[in-house]
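Only one chain comes next, encoded as structure tokens, the form predicted alone.
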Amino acid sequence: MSRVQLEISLGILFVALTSALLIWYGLNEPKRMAEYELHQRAKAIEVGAELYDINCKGCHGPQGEGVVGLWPPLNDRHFFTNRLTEVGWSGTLEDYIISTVSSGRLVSTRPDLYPGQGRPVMPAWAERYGGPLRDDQIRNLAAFILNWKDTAPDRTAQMAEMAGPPTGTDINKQLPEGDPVRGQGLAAAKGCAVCHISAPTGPAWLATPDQPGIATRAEEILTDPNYTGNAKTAAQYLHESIVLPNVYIVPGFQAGVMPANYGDTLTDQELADIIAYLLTLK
């Protein structure tokens, strides 16, 4: 074989190997891109989870459960199945989340359920609107929220399910014996801990270096000449503050912030359990 023939043969072999490599690469490209997209989405969800924990859980809850009467849940079947129709949004849910987080919301779209507190009811978070977050961070937040879609519970049904008749607003009624362990779980499930532990929306429940816990402060409030309620004991004060939250407003806080419908949404046992829990926070 002459040198020219050898070079031609090697050239043909090289072209064949290159073609085979390109075909193999092309056949595997969809899989590689899918894996890359999955990896990028997982990373976005992880970053979004951190951003949500820092910026969003104070209102919408650590698990997106919201706060009854104040801020709507995001980890909720209604949000993923009906929200776009409810607000007349023609784009995708991802675009809706990004738009709402970016520019905020001036008024509530469901004032009968979530009247909102203050104006606007939700601040703008995007830097271009005066907020603290970049566009990529807001996209990551949207990815984290969308990650709840397949497992989001029907919170409307959960709210409607009650184990007995509502407790009402009579603070003199005799409640059953409460269980503080169940009460702690209820305080988290009902969103109470979001405002009183996770964020300073309401008076803090836990003790700090500057003040004792809510159980001790409940006793002290009864002797305060500015107290405007009708309770005679710490337990009764806690009862009153839950079902009639505007009878007495702790200095430094505003009336109308805490939902006034817990008398309609809690049973006697649930209320007793929550009070029993609060009485442990000295």
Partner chain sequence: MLKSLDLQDLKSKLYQAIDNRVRIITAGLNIRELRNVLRGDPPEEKPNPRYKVHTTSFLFHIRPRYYEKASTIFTHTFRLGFFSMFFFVVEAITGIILMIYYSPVPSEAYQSILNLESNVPFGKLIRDLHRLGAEAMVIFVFLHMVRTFITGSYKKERSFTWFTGVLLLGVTLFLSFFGYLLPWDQLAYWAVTIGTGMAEAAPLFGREANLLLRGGPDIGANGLLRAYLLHVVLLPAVAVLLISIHYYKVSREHGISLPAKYEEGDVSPEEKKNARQRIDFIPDLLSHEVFLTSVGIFALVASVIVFGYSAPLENIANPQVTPLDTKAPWYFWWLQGLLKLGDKTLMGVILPTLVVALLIAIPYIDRNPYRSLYKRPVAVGIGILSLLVLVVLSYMGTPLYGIETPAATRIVQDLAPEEGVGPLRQVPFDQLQPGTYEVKETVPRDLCPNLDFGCPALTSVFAEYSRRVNRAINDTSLPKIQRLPNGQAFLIIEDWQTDLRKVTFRILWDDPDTQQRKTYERHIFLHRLRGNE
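C-alpha atoms forming the largest set that superposes within 1.5 Å between two forms make up the rigid core. All figures in this text were calculated on a predicted structure; none of them were measured in a lab. Positions refer to the first chain, counted from 1.
The form predicted in complex with the partner chain exists for this protein as well; it is not shown, and the discussion that follows is about that form.
When you look in the predicted complex, the only residue of I45, V247, A234, V257 with a non-hydrogen atom within 4.5 Å of the partner chain is I45. Proximity to the partner chain in the predicted complex, taken as a non-hydrogen atom within 4.5 angstroms, holds for one residue of Y114, W205, Y96, W148, which is W148. Between 135-143, 106-114, 81-89, 164-172, the stretch whose residues reach within 4.5 angstroms of the partner chain in the predicted complex through a non-hydrogen atom is 135-143.
When contacts are judged by a 4.5 Å heavy atom cut-off, L222 does not count as touching the partner chain in the predicted complex.
Residue contact check for N230: none of its heavy atoms lie within 4.5 Å of the partner chain in the predicted complex. Taking the partner from the other structure, the partner chain in the predicted complex has no heavy atom within 4.5 Å of any heavy atom of T280.
When the partner chain is considered in the predicted complex, A49 lines it closely, a heavy atom lying within 4.5 Å. For the stretch 7-24, the set of residues having any non-hydrogen atom within 4.5 angstroms of the partner chain in the predicted complex comprises E7, I8, L10, G11, F14, V15, L17, T18, L21, L22, W24, in sequence order. Once the rigid core is used as the reference frame, the Cα position of A42 differs between this form and the one not shown by 2 Å or more.
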